[in-house]
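Same chain, two forms, each on its own as structure tokens: structure 1, then structure 2.
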Structure 1
């Protein structure tokens, strides 16, 4: 699963528990084929070759057109997709995948282990401008043993490796010996997945049709249309007018604008925790934040519930660390920072910050306790969060200034140069708990992800051990300790985990919310004949 900084709230990630209204499935009718599912994307897909694309519109489509060797099932456990089964050697270095037989590409050519080997070579080819080579560069040897067996060997045990084989497999016979950036497949993809590419009206919409030869059976919904609608208010109006069947709602839409009779008659709403969290990160190279007590004091001065109520309208949970509360790796028994301004003030006093001149602002050695929070433009939730934090910190005597900066400038001038005090940002991730790139002390070079410059020898050791360990029980212990240290050290104040809030047209049946969200079983969704809206 891709792990990118979330710009908009990432949708369709994990699922908390079903607080949602599940449609009463009165008629136990059999799923039938037909109808069209229409969703919108705010941007046009960039490139339908997964090796070259990194935008969310492209990956949404690629998920339906391509398959990986493995995938996450509805309970976020790895299961085979193009691989029927796999074995891991005793030393955790060699993975052997047994591939499905009788899988064909959309153009009819058979799928074999040569395609897998080709995909691997594509990712590590220096000529291919991909940003996803990292996982595959860890491979020492890859071989196609026979047409239906593929084997990779790693130099060192690498736990995130298995997940990386969920990468879309590319067709060798169509891409071999050519400049991949010029391939027509970037506009007309050919995969092995449940949907075939049908047509693309540039800037307008893209259509996929059910693949009748799909190895798991033909999907029920005949056609999937992605409309490009860049404005989210327009998307919401389109949804209400019936022009869309699916949309991720904002908290305000979910809470106040969708309880009309017309809306509840036509749509089901769902809610579940997303695989992402928002945090207040401190620049640990600044003298002010080098004192752990100051960071802890700030965490105590922030009322997380107030943020959730004010910013997310209650549709979220407090974050206590980098993992989602309902995953196996989450450790609930870490130090928590309940809202407590008195405790906050006394921690600050311990660290030497007192209001000696009586102006309401804490000071130490003639210096006022003041800093700037910087965040990116275009994310309303983050700037609102900053304002609420500003008010709470003022109550304990800390002066906050807020700067909201355009994305590219924000990264270039503030984050990567380390010239910021504190920042509000979010990370989105997946079920794999490896957080090496974000917390390891070696990842602090400019442009690397540990931009708060957190450094802790025990954390480094745990992170290295974590990615070399395969047994879940053992990993759990490692990452439990990892979360304990983070909670004690508070390099970030972990703020909240937002919920994904999809609305789906009521005529679609077969939706079963699970820890993996709702779209994992999209090919099983169906519409009763009498309710089908589009006949072609």
Structure 2
């Protein structure tokens, strides 16, 4: 599960399309090339080299610029992308990938197995500040057997091995012997993907153009534009006025602001339970949060249903751990934290927090029970969640301050450095249940994903075992116990799994909702000539 905060995959389960797509009279059913697709991001991309990027804005762009060896198909089954096929040895230790021929980088250079080997070496290089080395550190040997055959051998069986090769492949001929952190490709990427980088107007927008030489065929949509619009209300105004073609709606926008003839005429809405969850994470290096009774008390003081009703308008479910409820790995029997302010006060008293001076705020050894929740600008749901939590915690004697910070600053100065008390954020992922990068105690260094600094020996052991086990029934037992420990320890208060609520301009055809989402086949979306808005 990658730290992209928090839309790495537009994964969809039980999609409900709200309006039908009806072609304009006289339009041919055959897809045509042309037009522009415009969407917005709450912040600028951090880095357009996938090995260095760890934010959603960068990942949204990189998924169109680069390819991996494999990917998920529309039914969430792994299929080849840059690899045409592969074989796995009987002992599950050796993977041999047969690569596509006649694939070129955007600058015309040929793609070969040397690029794959270089990408592997990039991720395991200790001088490269990546959050995603772990998958590749499991490899005992990697070799470019010939220009179109790549083979990796693992020292031990590694269940996420095949999925890990969905990682974007980097161009060796442009990055070899370079300081990766100073590469111009971080601003002007060169990939093998369906779209080529065109230009980046800092603070305003980034543009991609369809790759006419793409190995799966030139995408139908000629241009993709990402506009930087930090505020969701402004994004919605732009959507309504035609300045955007796509937006993830907020619940209030979905429920009350889009049921108009004009919106229905111009947009299709979709609704599905996302592969993501929102949480309140505690910095476990802070003395306040090192007593699990305090963490448990905070969880009991939060009314999750109130958040679902008040923030999500009912469009979501309570989270109890890191997996969404309709997946095979989800454990429905973990310890729950129903709203119970009396129990919250009792747990805090056990931990030594009492109101010694009668001012309504708990204290201990002369210190008030107070901390700051930091979250990112541009996500109204998180801000509203923080405000409701602030009110509820006040009722049990905890004083909360809320700080909302611009996206890039939020990552650089707070999350990456661990300079926070608590944070409201989210994780997004996919079908593979491995959580090593987020929860293992070895992943607490700067820019790594266990930024709350959680450490538990049994969790470490379970995560190690889970990634070495292939049988789903056995993995289920491992991850059930993993969820039980997280539920007991509460390093996060797991808040809710929200429904994703995307809206897409109605002129776009070819959208086929499936278990893999609505964007898995984006290169096949198209607009009839009579409805195209843009000529370049």
Partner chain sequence: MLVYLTKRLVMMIPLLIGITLISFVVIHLAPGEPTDMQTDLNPKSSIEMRDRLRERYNLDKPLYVQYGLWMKQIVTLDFGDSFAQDNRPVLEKIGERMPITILINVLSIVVILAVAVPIGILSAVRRNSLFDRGTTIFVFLGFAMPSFWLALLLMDYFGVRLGVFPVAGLKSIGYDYLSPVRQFWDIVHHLIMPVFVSAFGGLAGFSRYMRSNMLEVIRQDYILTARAKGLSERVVIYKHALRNALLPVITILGLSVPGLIGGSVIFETIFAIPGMGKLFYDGVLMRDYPLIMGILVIGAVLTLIGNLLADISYAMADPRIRKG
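In this text, the rigid core denotes the largest set of C-alpha atoms whose superposition between the two forms falls within 1.5 Å. Residue numbers count along the first chain shown, from 1. Bear in mind that the values here come from a model prediction, so they are computed numbers and not experimental data.
Trainee: Just checking, which of these two is the form predicted alone?
Mentor: The chain shown second - structure 2 - is the form that fits the description.
Trainee: Does residue 193 count as moved between structure 1 and structure 2, where moved means a C-alpha shift of 2 angstroms or more after fitting the rigid core?
Mentor: No, its C-alpha moves less than 2 Å.
Trainee: Aligning on the rigid core, do we see the C-alpha of residue 485 shift 2 angstroms or more between structure 1 and structure 2?
Mentor: The answer is yes; the displacement is at least 2 Å.
Trainee: For the rigid-body motion of this chain between structure 1 and structure 2, what is the smaller part's rotation angle in degrees?
Mentor: The answer is a rotation of 31 degrees for the smaller part.
Trainee: For residue 312, tell me the Cα shift between structure 1 and structure 2 once the rigid core is superposed, in Å to one decimal.
Mentor: Residue 312 C-alpha displacement between structure 1 and structure 2, core-aligned: 2.7 Å.
Trainee: If I align on the rigid core, how far apart are the two C-alpha positions of residue 438 between structure 1 and structure 2? Answer in Å.
Mentor: Displacement of the alpha carbon, after core fit: 6.8 Å.
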